[in-house]
Structures are given as structure tokens and as C-alpha cells.
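A lone chain, given as C-alpha cells: the form predicted on its own.
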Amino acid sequence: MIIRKVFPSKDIVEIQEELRKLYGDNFVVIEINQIKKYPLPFIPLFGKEYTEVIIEISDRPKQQEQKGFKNEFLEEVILKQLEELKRELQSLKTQQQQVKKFTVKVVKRDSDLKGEDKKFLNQLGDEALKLLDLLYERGFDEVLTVKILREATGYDIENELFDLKDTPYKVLSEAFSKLYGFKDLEQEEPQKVIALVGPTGVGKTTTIAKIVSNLVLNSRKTVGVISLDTFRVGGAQRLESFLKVLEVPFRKADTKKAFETALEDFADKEFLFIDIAGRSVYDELSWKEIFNIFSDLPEEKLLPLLTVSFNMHPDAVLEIYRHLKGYPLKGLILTKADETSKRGAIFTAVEEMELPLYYFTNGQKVPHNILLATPSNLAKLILETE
């Protein structure tokens, strides 16, 4: 509906206020004109100026207009709140990504990682970042940490991040099963002659006692032990005393002939263990003498296991391996997990040696502190704090 109104005032603001009093907000100004009115229509004298306003009034009922206005107002408020929330969420997401990038840089300095691996680390979710920190704390190097995390994580499309596929224990077990080889001594075809080979101080004799105890007491296997350690004071005696309690036969052999005689005496045993005194890796003559004693054994029957400890530096382990790899080393035993929290450091060497893992030891108690080398047991050793 079109309405024409005339006002004596020239102040547009005052005119708008008058119109609002009459029609509320339910009008639209179409035209404004300045006009003159005269006392006598036929005599153009003594005229006064007025303001003519032409407005359009909506045909909708006033109540509906007010309701529509309220709804539009509420919609506008809600839209503004949603926009504000979006801005806040985007800000939080940006801050979170910055924190994650900062965490990666603080935990470990850039080294030999490729650009693709660095990008991967900067796309880790919260749980994956926690595992990243833990792996660094346990001594795993950057390259190996990336390999483990690539196996342990899946891509979250919604958040555009790589995060853990399951619990830390399960994903680590799965990752280790793909990255390393594991073997069970009891699954070997008998008769096996197992020789623990390695430097002094890694606990070879104690480890033999633990393995023999578990084979005899838990698996009901028949076992014999031969000691080539005839020079270390008290070494063979302590082992012999322990084996007597288990009723496991024990022989000393300081020559190849004595060793072959002991083999004949133990021909009915499923497993034979050889106790060898630790030697310097640089003593090549001594190592040749040891392996010369084994020279007549069929290769498939002899099982030399390199024995090193978790607390050894990986470079030292690799140096030992490189001096001994000319001999038929077939597996690894890692000892003394209880003496270091950096249990992952040695796996830089483990990866390069590519030997399967047979046992872990984690204390001095016989026969308790020994674990079969399995992905799950390795995951436990890495995750546990003590």
C-alpha cells in the first residue's frame, strides 16, 4: 500500500521517527520531495515549505512482520556465532599443528631423515606423538622410529593425520613382527648344539643356566652342557653346581678330542649347550681355535648365537659382529634389559645384522629373568618403565 505524508519539518531524522511511531518498521521510503503550500490556492503569496514523503506499507499483518523480523534476527545471531566458532576451531587446529611440529623438533633434531619422513612426522596425531616421544626416550634412532611408526599408524582422513591403529602394545607388537625375525629354540629340529658367542660380561653362562632351566622344568626337554671355559676361575664350577640341582649332565672339554667324546656321551640329548668364556673380538687366534673345535659338526646341527647386552652401544655391537661374521652366526640373544632404559638403541645394530632374535634377559634371577624373543615380549620391554 502506497501512502503520501506531508511534514512541516525539513529534518529527515525527525520525519523517520514520526513514521516509525505511526507504522513501526513496516515501511519503505520511496520518494522525498520539498513542496510549498499557499493560504489561498489561487494567489501564490505567503507560501510555506513542507516535506512530502511517499512510503510503501507491507501488506503482511504486523504480527507476521514482527515474527519474521525476530526469526531473521535470530538466524543472523546464530550464523554469527557459528562463524565465530569456526574461526576459533580453525585457530585451535592451527595451534595444535604448530605444537605437534614443535614437539617433533624438540624431541629430536633433524638428522638424516628424508623430506618425506619429516613430513610424515609432522602429520602425527596425539597418540602417535606420545609413542614417538617414548621411542626416542628408549633410544631408537630417528630412521628406525619412522619405520616403526609407519607400521604402527593409519591415516585418519577426517583429521588429515597419521595416528595409532590400536593400543601402543598392539601396534608395537605388529610393527616388530614385520621389522625383525624371531625364532623359538624349541621349534628347532633336534639335536642342536647351541653355542653362546660374545664378549666378556654379557652374561652368557647365566643365560645358559636360565635357558636350560626352562627347557628342563617347563618343557621337559633332555639337555646336556659342555664347558669350554677351562681358564676362568670358578666359572665352570658355578655352572656345574647349578646343573647338578637340575640333574643335567655336565662335561668339561679343553680340546677338540675331549669335545667329541662329550658329544658321544650326550648323543641321546635333544639340546646341547656350549659354555664359552668371553673373548676379545680382536683375539682372532682364540676364536679360530673355538670354531675349529666345532669344525666336524654338520652346519645344520650347530647353532652359534651371538650374545650381547641391551646396554651396549650399537657401534660396539656392530664391531663385534663384523669381526665374527666370518663364522656361522645364526641368531641373537639380548641380555641385561634391566640395566638400561635405552633398550631401543641396540636395534640399530640388530637391523643391520639381520639375525633372528631368540631370547631376552631382564635380570639376574635364574630361571625367572628370561623371555622368549617374540614381538609381544619386545613390545613389553620397550613400554615398561622399570
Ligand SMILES: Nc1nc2c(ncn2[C@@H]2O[C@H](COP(=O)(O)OP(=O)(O)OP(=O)(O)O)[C@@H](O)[C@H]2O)c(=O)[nH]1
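From 1 onward, residues are counted along the sequence shown. None of the values given here were measured: they were computed from a predicted structure.
Keep in mind the form predicted in complex with this ligand is missing from the figure; the text below concerns it.
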Just one of 47-55, 357-365, 29-37, 318-326 has residues with a heavy atom within 4.5 Å of this ligand in the model of the complex, so point it out.
357-365
The listed residue (Thr167, Thr200, Gln90, Ser286) that reaches within 4.5 Å of this ligand in the model of the complex by any heavy atom is Thr200
Looking at Gly139, Gly278, Gly125, Pro314 here, can you tell me which has any non-hydrogen atom within 4.5 angstroms of this ligand in the model of the complex?
Gly278
Does Glu352 reach this ligand in the model of the complex, with heavy atoms at most 4.5 Å apart?
no
Using heavy atoms and a 4.5 Å limit, would one call Lys336 a contact residue for this ligand in the model of the complex?
yes
Given that the partner is absent here, does Thr206 sit within 4.5 Å of this ligand in the model of the complex, heavy atoms only?
yes
